[in-house]
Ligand SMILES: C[S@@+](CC[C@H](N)C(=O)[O-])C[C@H]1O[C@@H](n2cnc3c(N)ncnc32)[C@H](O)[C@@H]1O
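Only one chain comes next, encoded as structure tokens, the form predicted on its own.
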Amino acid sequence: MSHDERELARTQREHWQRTYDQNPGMYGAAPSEPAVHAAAAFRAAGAREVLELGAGHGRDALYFAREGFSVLATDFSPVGLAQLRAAAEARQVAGRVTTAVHDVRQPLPPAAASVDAVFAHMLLCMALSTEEIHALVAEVRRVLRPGGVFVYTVRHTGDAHYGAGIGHGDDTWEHGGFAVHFFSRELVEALGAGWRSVDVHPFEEGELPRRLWRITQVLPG
């Protein structure tokens, strides 16, 4: 990681910490649409355990727990995860939710072939380099059991904020303090190499609206 990449990672971590601290439960309690889709896909695959990357304050992790899954929720923000744990206690699903402070630039916590399903809503399009994104998807592949399902979402190069704000190179642009790595279709296809049942579903979210892809892919059994 270059000096500039380390500095961007540091400032983004601090920015998210402040954001969660100043805006508790900022995304609300309702699950995201991709989480609802993912729960159905996970259930169809017989999954019982879900690893969520970039769980934040936990609206999707809590939904998975309410749906009966055991969830390991990771994020690099201790503030966000503290809010998640408090909400899990309040909603009486704490027994199905475990949290871990973790930066996805490091190896994922689970052992190899130990996880049924992985979910990441807009985590892969944070301030990660293309090299780091490939390494992360390789880690997801390592921890998933054969037949495991990976559902992730990313903002893409058709988004209104692509090319706006502060450019950091590598298709990464910072707008309003948030740095986003906007995905090209070529990057999605490269990340899907060696997986099966790769599905790319376009959707929009938020007031801008943000333009995203929801990708569902299965590790060959």
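Not measured: the values here are computed from a predicted model. The first residue of the sequence shown is number 1, and the count goes up from there.
The discussion below concerns the form predicted together with this ligand, not included here.
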Inset, instruction - Give a yes/no on whether Leu123 approaches this ligand to within 4.5 Å in the predicted complex, heavy atoms considered. - result: yes
Legend entry - Heavy atom of Glu131 within 4.5 Å of this ligand in the predicted complex: no
Legend entry - Close approach of Arg59 to this ligand in the predicted complex, 4.5 Å, heavy atom: yes
Legend entry - 4.5 Å heavy atom contact, Val104 and this ligand in the predicted complex: yes
Legend entry - Contact test, all of Tyr152, Gly192 and Trp213, partner this ligand in the predicted complex, heavy atom 4.5 Å: no
Inset, instruction - Could you tell me which of 160-168, 47-55, 64-72, 182-190 sits within 4.5 Å of this ligand in the predicted complex, going by non-hydrogen atoms? - result: 47-55
Inset, instruction - Could you list which residues of 150-176 come within 4.5 Å of this ligand in the predicted complex, counting heavy atoms only? - result: none
